[in-house]
Ligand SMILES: NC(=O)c1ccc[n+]([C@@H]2O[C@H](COP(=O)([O-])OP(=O)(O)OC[C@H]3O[C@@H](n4cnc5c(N)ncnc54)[C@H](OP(=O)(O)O)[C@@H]3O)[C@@H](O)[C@H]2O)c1
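First comes one chain, alone, set out as structure tokens in the form predicted on its own.
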Amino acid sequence: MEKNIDPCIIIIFGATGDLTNRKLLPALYKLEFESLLHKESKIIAFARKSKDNEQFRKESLKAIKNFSKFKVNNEVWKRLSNKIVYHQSEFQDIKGYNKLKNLIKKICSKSSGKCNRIFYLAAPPSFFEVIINNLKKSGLAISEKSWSRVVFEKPFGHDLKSAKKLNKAIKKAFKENEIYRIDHYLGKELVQNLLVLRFANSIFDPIWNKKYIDHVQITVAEDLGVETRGNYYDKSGALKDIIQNHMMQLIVLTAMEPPVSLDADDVREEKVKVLRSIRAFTLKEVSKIAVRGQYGSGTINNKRVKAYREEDKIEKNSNTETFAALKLNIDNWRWLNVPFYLRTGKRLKERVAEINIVFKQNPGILFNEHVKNIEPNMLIVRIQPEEGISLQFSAKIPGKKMIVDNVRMDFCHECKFGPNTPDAYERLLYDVMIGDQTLFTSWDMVEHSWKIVDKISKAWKNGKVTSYNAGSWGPKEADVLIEKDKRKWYKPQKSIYSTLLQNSTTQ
């Protein structure tokens, strides 16, 4: 349901950075295009570089043209441009925050007088605590007759200890219902569709449990390397960069119980219950449930790529993992003894994110000989690069002989709804403006996911990382992890519609 949008001032810290250019500015343009930014709203770009309003607006237009999915409409840009104000200051300089406070008062006095504020921290995580402390010292965090909200990008800390320290600082300035911890994966349409798939369809609800599901596989793979993120990534690795946030979110959405309602608190409560139910493991047991690897040189898309340790800003003897695979169990009534296998990595064979719900095989009575060499029934949720849902089952191949093969029913998201579905950041920014925390991470979730990841990280601290070839599906140890349970990783499958479309364009 559409909600009324209040006028607000969106203050972006780190407004000249990559995140702002690639994601936030195109998202704000689309919101303006759809008239979802209040006419009296303003955008204050807070950054360290010295420039004026006109310079920043020109750079913003260039970024929107480069990274938006849509051709820029001059009238829409004019409206958005008039909302943008540039404010130069160092993040550590309290004088800059006092000047910002005066600027906000000046803007509010010219409009309705409402000073609703969104503080969006698109700055490097090392500045989070500095910015929060200065917002508190300057009185900007305090709201009278209006609301204040603060938005954080991941990573939220680099371990549980640092996350707690950061959260403590934030709680001194903002209440929990004012804190929006962003995980852009939750803004993706197919991730949101998981709740609808599970709880709005009577055909799936009765079979979504240990009686019918054999196991769950979640893959988040990238064919790219570390690109320009070497400094950050070498301190983080795949475990903290992807599993601690994105993949934990995918687990809880797949495994959670139906919430009492779609209110944010009810949805988030059920998510946290899943993390609390993940089977505890000791440091010694980590080697049995977790595998890590680091990419060497190899070939991707017929192009030779260099090894991780040869990348820019990477230590030559780095032990950081670029691949991680886990086996987790959820010890509750629904999922007892149904393993969840996770794998993520860089420089893998292709870019893909999907969830495979693998169903148990029927008792081998009638068609045992015919189905023993084919894949089991599966529900495949494709998150990227092409969004969709496939149901894989067995069918007879036409002919005189009884030959059974896999077939699929396919839902192609773009085929049904077109290519112009909202970007994750459009949805998440809109939700911040209307005060909906459903798609944002609660502190309880952050805390419990760090508890799991910290233990694995500690076990890996002094061990050696295994190498794998760029362009492969990761180290052989990841295959062993799942094969010792008499299972295997399933290769990602493209939508039937995209395959047909690709074939038609090449003919």
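Position 1 is the first residue in the sequence shown; the rest follow in order. This one's a predicted model, so the numbers in the text were calculated from it and none came from an experiment.
This next part talks about the form predicted together with this ligand, which is not shown.
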| query | finding |
| --- | --- |
| Single option in Phe199, Phe393, Tyr212, Phe127 placed near this ligand in the predicted complex, where near means a heavy atom within 4.5 Å | Phe127 |
| Listed residue (Arg309, Lys327, Lys349, Lys154) with a non-hydrogen atom within 4.5 angstroms of this ligand in the predicted complex | Lys154 |
| Candidate stretches 295 to 303, 338 to 346, 212 to 220, 90 to 98 - the one whose heavy atoms come within 4.5 Å of this ligand in the predicted complex | 90 to 98 |
| Contact label in the predicted complex: Ile11 to this ligand, heavy atom within 4.5 Å | no |
| Touches this ligand in the predicted complex: Lys476 (any heavy atom, 4.5 Å) | no |
| Ala122, heavy atom within 4.5 angstroms of this ligand in the predicted complex | yes |
| Touches this ligand in the predicted complex: Arg48 (any heavy atom, 4.5 Å) | yes |
